[in-house]
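Before any questions on how it binds or moves, here is one chain, the form predicted alone, in structure tokens.
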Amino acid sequence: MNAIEVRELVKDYGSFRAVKGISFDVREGEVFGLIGPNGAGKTTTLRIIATLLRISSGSVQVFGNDLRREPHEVRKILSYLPEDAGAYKNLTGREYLQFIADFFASGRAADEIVKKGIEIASLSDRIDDKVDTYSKGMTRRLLVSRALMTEPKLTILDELTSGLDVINAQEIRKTVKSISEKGTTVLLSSHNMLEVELMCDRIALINDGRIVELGTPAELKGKHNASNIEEVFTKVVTA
């Protein structure tokens, strides 16, 4: 079963067509990268799959649920972490995770979700400090834990490690990869081509609202005689 099936997806903003009839599948349990230059339509596509934007035409299925007819069912099984996400600064890290967990469960079940979130965040004693004392990297780790602690069937991550130092970025990648190995499907967007190559089982490259390449990192590098995905990206986008 595919986790996501996108067919001839179109998104219009008035007279501007941001997504121009794209189609792709994401297999259950894989890490799938959607990459492209600024304004290519990747974040719009992610927001549509996350049920935050309406489809202009075409279709999207998420684990067999039609996005148009069953958005509430889709929301039950996914989590979405946008690039500009923030946490409530007046709460401690633990209180923030508890606040989120209470939307999904109660009592002991909610406590187990929080326990998992604390483990994923790996903030040690700082979990009981207020979020407004956190560095950018610590905040992002908290937000990633929020996205993953409920064990969603699908998690959508936009610019996962944007602005983070090497150590924090590496830790977050390891966490996401570990979760994917346990069965969560990951749809990832990033401008960091090393990150994409390291993490993704397959990649779709979107440019000017259209999918222009799709395959495994090895397939794309071989096709374009490139040593890395950054070279593939440059060759395709500037062709």
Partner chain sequence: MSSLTNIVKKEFREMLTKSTIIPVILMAVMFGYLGSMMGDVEEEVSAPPVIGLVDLDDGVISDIAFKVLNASSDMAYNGTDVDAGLEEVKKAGGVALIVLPANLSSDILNGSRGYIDVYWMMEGAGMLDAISSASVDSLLGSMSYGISAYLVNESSETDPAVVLFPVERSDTTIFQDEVMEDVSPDFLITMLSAQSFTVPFIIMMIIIMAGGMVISSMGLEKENKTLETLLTLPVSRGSIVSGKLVASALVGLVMAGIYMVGFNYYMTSIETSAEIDLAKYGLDLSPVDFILVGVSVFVSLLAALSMCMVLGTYAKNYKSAQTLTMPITLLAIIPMFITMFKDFGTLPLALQAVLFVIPFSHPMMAMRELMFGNYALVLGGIAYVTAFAIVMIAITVWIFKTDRLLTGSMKGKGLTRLLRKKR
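Residue numbers count along the first chain shown, from 1. Because the structure is a prediction, the values reported are computed rather than measured.
Omitted from view is the form predicted in complex with the partner chain, to which the following refers.
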Candidate spot Lys76, Pro82 and Ile100, all three touching the partner chain in the predicted complex (heavy atom, 4.5 Å): yes
Under a 4.5 Å heavy atom criterion, is Arg108 part of the interface with the partner chain in the predicted complex? no
So in the predicted complex, does Lys136 come within 4.5 Å of the partner chain, heavy atom to heavy atom? no
Going by a heavy atom distance of 4.5 Å, is Leu52 a contact of the partner chain in the predicted complex? yes
Report yes if any heavy atom of Lys11 sits within 4.5 Å of a heavy atom of the partner chain in the predicted complex; otherwise report no. yes
Would you mind picking out the stretch of 33-41, 187-195, 52-60, 210-218 that comes within 4.5 angstroms of the partner chain in the predicted complex, counting non-hydrogen atoms? 52-60
Which one of Ala87, Ile118, Leu164, Leu154 is close to the partner chain in the predicted complex, taking close to mean a heavy atom within 4.5 Å? Ala87
Using a 4.5 Å cut-off on heavy atoms, what residues in 127-166 are near the partner chain in the predicted complex? Arg146
